[in-house]
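The structure tokens that follow cover one protein chain in two forms, given apart as structure 1 and structure 2.
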Structure 1
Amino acid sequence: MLDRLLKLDRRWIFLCIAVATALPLIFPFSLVRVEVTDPTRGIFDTIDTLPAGSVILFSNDYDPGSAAELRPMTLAILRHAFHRKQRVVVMTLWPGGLALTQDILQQMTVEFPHLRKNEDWAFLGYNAGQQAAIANMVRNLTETYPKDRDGMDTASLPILVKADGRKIESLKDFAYVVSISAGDPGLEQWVIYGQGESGCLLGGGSTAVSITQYLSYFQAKQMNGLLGGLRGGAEYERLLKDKYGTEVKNAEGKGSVGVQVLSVDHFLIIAFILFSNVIYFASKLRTAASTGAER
């Protein structure tokens, strides 16, 4: 029996991982409870306390390669903002983020059919300037984005007028700035060239592998909130569900499901490691016993 286990075809292990991954997706269940961290709560509390009609700048700085990690947190933040009746100006500094962002906004208009284009939300599109684009927005928004994605004059967009009648002319005029980032340009550039120059209130999210790079900005209070990877999205979804329940459609989204999938896979991998070590040492003991008997 030990010999058969030691020679087990690795494809059986791959099959077990595939089944373990598929089960939570087909039959959703809660294996672990996600505990909410302070960086996640920082973004949630900010959006939750902003007055209705506040204008948020949302920079979607990633492409489809990172969408599995970052899309859940993107959707959760946008759902929260729109449910709170805030207005969102969306942009991207990544060429690969253009179609992805359009798809996300399309989903939001389905979930929130009352939203009015250019009044409740607007899409400025892609800007190739990277950090220069951010620095230019500190000085003048409409010169950086003279036209939106549809070719309309940005200066004429109703969304860029605050509730008190004042125009949004630069980065510091937004109530909140959020960047969901997979690298460069992204959160680091928004901190250095955006928040550092304008003093704007900044929050963001990143892939899990990069979260430690940005935590220092949160600790230095250059950012008031930070989401990390799939877990960050799951944490935000939990806050959204706990406070608003069924008021927000799809409050518990793919971030929560993804965390359960990862948990099941991790438990299974740990079980495989423990089992393989038991088999290995059992075979060693058997070999030692047989050698001793021969002597």
Structure 2
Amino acid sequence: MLDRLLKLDRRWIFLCIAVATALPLIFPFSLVRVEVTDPTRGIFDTIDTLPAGSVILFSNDYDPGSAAELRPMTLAILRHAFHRKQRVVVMTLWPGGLALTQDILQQMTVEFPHLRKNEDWAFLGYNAGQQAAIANMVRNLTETYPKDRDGMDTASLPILVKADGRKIESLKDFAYVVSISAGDPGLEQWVIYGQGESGCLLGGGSTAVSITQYLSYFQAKQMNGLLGGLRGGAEYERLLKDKYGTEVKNAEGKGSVGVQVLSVDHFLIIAFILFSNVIYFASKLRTAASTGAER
């Protein structure tokens, strides 16, 4: 009987996961508030303290494969920056991220109707150069992106003039650089090819899978903030909600909803692990006992 349980058809496990994910989405609940961690607070505090009009470079380095995890934090950070009247230059190093980023920016212009294109935000588009694009931006931004997404000369964009009248020419001129990344090219390349050489202030978010890889950079202060997966998005949404309440539209988004569903799935998987180990050891004990009895 125990051995049969250990060899359970995996489709039963699939069914459990499907039900545990779908049911809380059909009947949403919000029992518990998510606790905010230090790496998340790092990015929130930076954006919260930057003066209005500061120019942030935002690199949206992911495609639809990771959008469910990373879109909530992208939206939360952009909402925060635009609410604080900062200006955001957006780009992507992932080909599949281009239209996704355009979609996000369209959502932002609906939520913040006062935003002026090329003055409060600009979209530089996609660059296939990967690490070469970052390394080139360290020396010259307009050579890396001679035109924006709409074909306008990047050098002529009003957003690239700082409040004090100086021009933004390279990575180090941005008040803050944020990369939301799902892998390579992403945060690691921004640290190695961008922050290391230019010394720019860097923060970012990543999929939960690769977050452990970036914790070392955070501890070494190569990054001043780090958001991890859907939970990172939920933490940022909570900070936004706590500080600005209803001032920021949709402050509580998909991150806050999704993280409650995560609870159910996590508990189910913990139960799987514990259950299979109990059966495994019970089966081992029984085998040992029967071998002893035979002797």
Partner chain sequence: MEPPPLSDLIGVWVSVACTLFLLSFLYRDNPLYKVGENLFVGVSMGYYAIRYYYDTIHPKLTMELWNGTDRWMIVPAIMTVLLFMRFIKPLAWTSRYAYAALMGIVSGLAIPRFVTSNLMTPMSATVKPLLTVSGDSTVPMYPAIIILIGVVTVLTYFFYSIEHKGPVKWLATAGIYFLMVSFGTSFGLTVMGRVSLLIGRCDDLIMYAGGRYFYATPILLAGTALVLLLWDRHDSRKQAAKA
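Note that the coordinates shown come from a computational prediction; the quantities given were computed from them, not determined experimentally. Reference numbering: structure 1, starting with residue 1. The term rigid core refers to the most C-alpha atoms you can superpose between the two forms while keeping them within 1.5 Å.
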Completion exercise
Same chain, two copies; the copy that is the form predicted in complex with the partner chain is structure 2
Problem - Core superposition between the two structures, C-alpha change of A68 at least 2 Å - result: no
Exercise for the section: Taking the rigid core as the superposition reference, indicate whether the CA of H266 shifts 2 angstroms or more between the two structures. Expected result: yes
Problem - Core-fitted comparison between the two structures - CA shift at F14, Å - result: 6.6
Fill in the blank from the handout: The CA shift of F275 between the two structures, rigid core aligned, in angstrom, is 8.7
